[in-house]
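First, one chain by itself in C-alpha cells, the form predicted on its own.
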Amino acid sequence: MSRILEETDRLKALGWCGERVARDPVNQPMINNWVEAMGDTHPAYREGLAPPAMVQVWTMRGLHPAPQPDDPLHAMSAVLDEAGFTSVVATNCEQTYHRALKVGELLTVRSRLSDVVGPKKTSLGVGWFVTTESTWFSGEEPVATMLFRILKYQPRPQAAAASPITPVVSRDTAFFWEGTAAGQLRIQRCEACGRLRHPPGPMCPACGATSMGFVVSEGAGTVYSYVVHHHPPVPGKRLPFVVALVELPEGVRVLGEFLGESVEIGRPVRCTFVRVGGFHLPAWEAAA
C-alpha cells in the first residue's frame, strides 16, 4: 500500500504530461461517420463543424499506439498491476466543451493524475479509484476538458466447486433437449412450409406459422467459424476451449464445443454429446 501512495504522490507532483498530437485534423468524413452512427441530423455538422462530444475521437491512439512513458493513467495502472489490482472497469467520465471544433483544426491533448483513492471494497472486489484530468487544445486555446475515472481491482477468486452453466429449457426448445438426451441432433421444422431453423423459435420466420415439428440431423458438417475462449472463466470448464459454429447439410448452423486437438474452418466434423449437469450438450469432434 505504501508503494501505491508513494507513486500517487510522485505522479501527481509531475503535473501535466507532454502533449499528444492528433493523428489527423478534424475532418468531414469522420464527422459523417459519427453523426450517422449517433443519428444526429443537425445541419451544422454537414457544414464544417464537429459535434463537441467527438473531442476524444481526434486524439485516439489507434490499435497500435506508440508508447507514451509519461502518460499518468498508464503509469498508475502499472503500479496497481504490480500490487495485484489487475482488473479494470471505467466508472465515469465528465466532459466539458468550450466550443465546437471546425474542420481543419489539429488538436493536442495533455493529461495529469488528479486523484487515487483506496483501497475500497466494491461488489467487484477490493480496488483503487484512479482519476485523471485531460485538456484538449487547438493551438494554445483549450477547447475541452475531461475527468476520467477507472476502478483497478483484485477480482474475487472463483469458487472451486462452481456449478457448470446449463441451458434454460422453454416450450420452444424442450424437443431439442429431449433429442440430445436420446443421442439425436434435432432441427426444428415448420409444419406449414417445411423450413428448417436453428436455434428453435415459436414462429416460422418464413411464413409466420406456429406449428412446429423437427427432423433428425445426420450430425455431420463442416466448421464454418470458431473462437478460442480464454477469458472470462466459465464454471465447470478448463480454459482455453474452442467453440465451433458448424454448418450442416440441412442448411442450418449449430454451435458446440470442439473436442479435438486442432480446428480449422472447413474441417469435417461429426456431432457427439457431452453430459453437463442433467443435460447432454451437442459437441463436435473431427470426422474420421
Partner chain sequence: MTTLPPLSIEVTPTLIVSTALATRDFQDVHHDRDAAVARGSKDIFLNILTTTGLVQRYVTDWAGPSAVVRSISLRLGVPCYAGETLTFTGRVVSESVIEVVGTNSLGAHVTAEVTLA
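Keep in mind that what you see is a predicted model, and the values were worked out from it rather than measured. Residue numbers count along the first chain shown, from 1.
Omitted from view is the form predicted together with its partner chain, to which the following refers.
Participant: Name the residue from Thr210, Thr122, Ser114, Thr91 that puts a heavy atom within 4.5 Å of its partner chain in the predicted bound form.
Facilitator: For this set of options, the contacting one is Thr91.
Participant: Using a 4.5 angstroms cut-off on non-hydrogen atoms, would Ala37 count as touching its partner chain in the predicted bound form?
Facilitator: Close contact exists here: in the predicted bound form, Ala37 approaches its partner chain to within 4.5 Å, heavy atoms only.
Participant: Going by a heavy atom distance of 4.5 Å, is Phe137 a contact of its partner chain in the predicted bound form?
Facilitator: Because no heavy atom of Phe137 falls inside 4.5 Å of its partner chain in the predicted bound form, the answer is no.
Participant: Are any of the heavy atoms in Ala66 no more than 4.5 Å from a heavy atom of its partner chain in the predicted bound form?
Facilitator: So Ala66 does not count as contacting its partner chain.
Participant: Can you tell me whether Met60 touches its partner chain? I mean in the predicted bound form, with a 4.5 angstroms heavy atom cut-off.
Facilitator: Taking the distances in the predicted bound form, the answer for Met60 is yes, it comes within 4.5 Å of its partner chain.
Participant: Has each of Ala182, Arg189 and Phe273 got a heavy atom lying within 4.5 angstroms of its partner chain in the predicted bound form?
Facilitator: No, none of Ala182, Arg189 and Phe273 comes within 4.5 Å of its partner chain in the predicted bound form.
Participant: Given that the partner is absent here, state which listed stretch (97 to 105, 74 to 82, 114 to 122, 210 to 218) has heavy atoms within 4.5 Å of its partner chain in the predicted bound form.
Facilitator: Stretch with heavy atoms near the partner: 97 to 105.
Participant: Do the C-alpha atoms of Gly84 and Arg238 sit closer or farther apart in the predicted bound form than they do here, given a shift of 3 Å or more?
Facilitator: Residues separate in the predicted bound form, at least 3 Å farther apart.
Participant: Where do Arg238 and Thr122 end up in the predicted bound form, Cα atoms closer or farther than shown, with a change of 3 Å or more?
Facilitator: Those two alpha carbons end up closer in the predicted bound form.
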